[in-house]
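Next up: just one chain, as structure tokens, the form predicted on its own.
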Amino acid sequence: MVDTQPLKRIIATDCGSTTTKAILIEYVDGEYRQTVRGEAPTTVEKPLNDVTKGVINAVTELEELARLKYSDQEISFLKEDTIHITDKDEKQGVNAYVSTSSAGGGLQMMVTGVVAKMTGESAERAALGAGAIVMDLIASNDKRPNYEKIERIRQLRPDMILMAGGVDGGTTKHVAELAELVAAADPKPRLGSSYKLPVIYAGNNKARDIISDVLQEKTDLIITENIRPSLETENLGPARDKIHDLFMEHVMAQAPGYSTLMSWTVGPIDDKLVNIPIMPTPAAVGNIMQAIAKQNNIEVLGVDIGGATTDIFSVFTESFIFNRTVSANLGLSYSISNVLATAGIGEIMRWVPFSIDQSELRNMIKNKMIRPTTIPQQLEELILEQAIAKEALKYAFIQHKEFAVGLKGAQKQREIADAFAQSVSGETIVDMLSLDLLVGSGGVLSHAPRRSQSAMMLIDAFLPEGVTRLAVDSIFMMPQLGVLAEISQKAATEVFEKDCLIYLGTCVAPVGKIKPDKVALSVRIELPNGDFFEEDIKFGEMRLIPLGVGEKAKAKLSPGRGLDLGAGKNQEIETELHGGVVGIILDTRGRQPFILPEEAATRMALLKKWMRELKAYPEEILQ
């Protein structure tokens, strides 16, 4: 939509599984800024059983903080236990209220497809993009006997099922068999026993009548456009829209207090005050990332690492293809033992710059799992937790790259407007050399004691290539901004840029293999004060050049022989580097491959050297 008259005040809330967070966004001096923040425990469970109580408590804190901020005004955002919506000129209340939610475990789905790596993956992409956790994929070719598939559907009790399969006009046999499996399972929804389980059919249009005959009586069947109308095309939009609609109509409507909350969320669209649907938290994060990518014409990669899961979001290619993955067993508290099982003790210990017994590290991990809310009390514990975080992020990113691919089964490049630019069937579209912005969020990244620690975790886990800006989400307000983008792109993107993101700086990393004694990068950087930084940096080094937030520096960067900075091997580039709270990080430790020495003493000496260069930890721990 096009913003006409600016909104003066907006409240946005995110109802999480444990905490409800509220932010106040105001139009100040010609721009939107986040001015006040409040939070309260989420109240979706007993004894209150009403999500609106937590929202009222969080908004009450906003009121109190706003009164402190504007001591000469009487501020009121609540009226008779509801959000006080006013016209644009009234001082009391707000002009819009929007909300996201992941309370009650978020949106949990199962998907089906004929071929797991083709229509099955397309169905997964649609569900994940809509903010769901995909509990399982049932496919005709997944080797499990039918009775196991039926039992699995019964046991999981998803919020809804998305059925895909077959190209339009193709054979209907396998799609019909999948429908028979769902009918035989007769699945019951996770929340509420008084309604039928929603099933979205987005497969072969030739099979719609068959699907209706089999499932119409037992489920709440919704039929929409085929996710994969042909092998060369993927059409996820209609299925995602249906998932959002059903999430509100069925899943959220069953949760205590959500029907009331849904009546509160309103905002202006085309100058008319309309209801703004509550959005699943991950879908809202995806929304703001797509908005930022399109507005600034950049490629973006974002990560949210939590206690139980790690979500990765990406927007790549000229067509802004959006992908999201949930690594459900990679987290830093509840799932921390799974990180150890996935990575192995050696992979974690390779990031630790001091000697430690393996049993001590294992005990630390087990203690964190059984006491998930604890935070490190000693510097050594902090370094260990950040080492584990690097491995969790690394493996979540590996899974994301395997999922964010060109269409498997396609015989040629897609030829429609939203084609995967330069992608080949089944190959990842994640290209780190073309990535413009890497954003981290989650406690371990957003609340690291030093911002340079956040930068090191992002660089070591994702290994950015070429020239990449780094940032962290200050207080994880991306969900609220994602749903705000539905009514005002301007407000959402301005607050995202000015208040949400804390820019760490820019990482410069040449790609390729070179001998250790050779020059990997020659730099000439003109700093804002007129000084120059010039150096030939050998392979295996890191350099930190201070450059503040909002500052820019002109740079001439020459990769070593056989190395690439994004313009091709041996090609010099001239660019503008953006500063941040850390600065410019020059990383010549190698990409494709990145290898740490196996010998412990050599490796620990290198780790200490890099950490000292980035001023990541106090000197006493690096002795």
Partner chain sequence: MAQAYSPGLTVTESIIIRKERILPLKGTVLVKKGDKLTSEDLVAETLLPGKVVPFNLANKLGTIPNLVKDYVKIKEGDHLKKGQIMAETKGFFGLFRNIVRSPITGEVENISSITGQLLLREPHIPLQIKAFIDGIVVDVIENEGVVIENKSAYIQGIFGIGGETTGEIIVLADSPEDSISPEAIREEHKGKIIVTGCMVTYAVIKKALKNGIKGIITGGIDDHDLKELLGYNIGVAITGHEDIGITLVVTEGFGKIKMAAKTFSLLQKFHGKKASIHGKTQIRAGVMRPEIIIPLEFKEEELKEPQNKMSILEIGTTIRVIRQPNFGLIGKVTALPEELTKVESETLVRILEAELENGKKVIIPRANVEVIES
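Numbering follows the first chain given and starts at 1. Keep in mind it's a predicted model, so treat the numbers as computed, not measured.
The following text describes the form predicted together with the partner chain, which does not appear among the structures shown.
Screening 338-346, 223-231, 259-267, 491-499 for residues having heavy atoms within 4.5 Å of the partner chain in the predicted bound form returns a single hit, 338-346.
The single contact residue among M369, L273, I398, L156, judged by any heavy atom lying within 4.5 Å of the partner chain in the predicted bound form, is M369. Note on the partner interface in the predicted bound form: the residue among E526, E151, E551, D241 having a heavy atom within 4.5 angstroms of the partner chain is E151. Put simply, T373 is close to the partner chain in the predicted bound form: some heavy atom of it is within 4.5 Å. For L521, no non-hydrogen atom is located within 4.5 Å of the partner chain in the predicted bound form, even though that partner is not displayed. In the predicted bound form, the partner chain stays beyond 4.5 Å of every heavy atom belonging to F354. Although the partner is absent here, K173 is a contact residue: one of its heavy atoms lies within 4.5 angstroms of the partner chain in the predicted bound form. Contacts with the partner chain in the predicted bound form, taken as any heavy atom within 4.5 Å, map within 605-619 to P618 alone.
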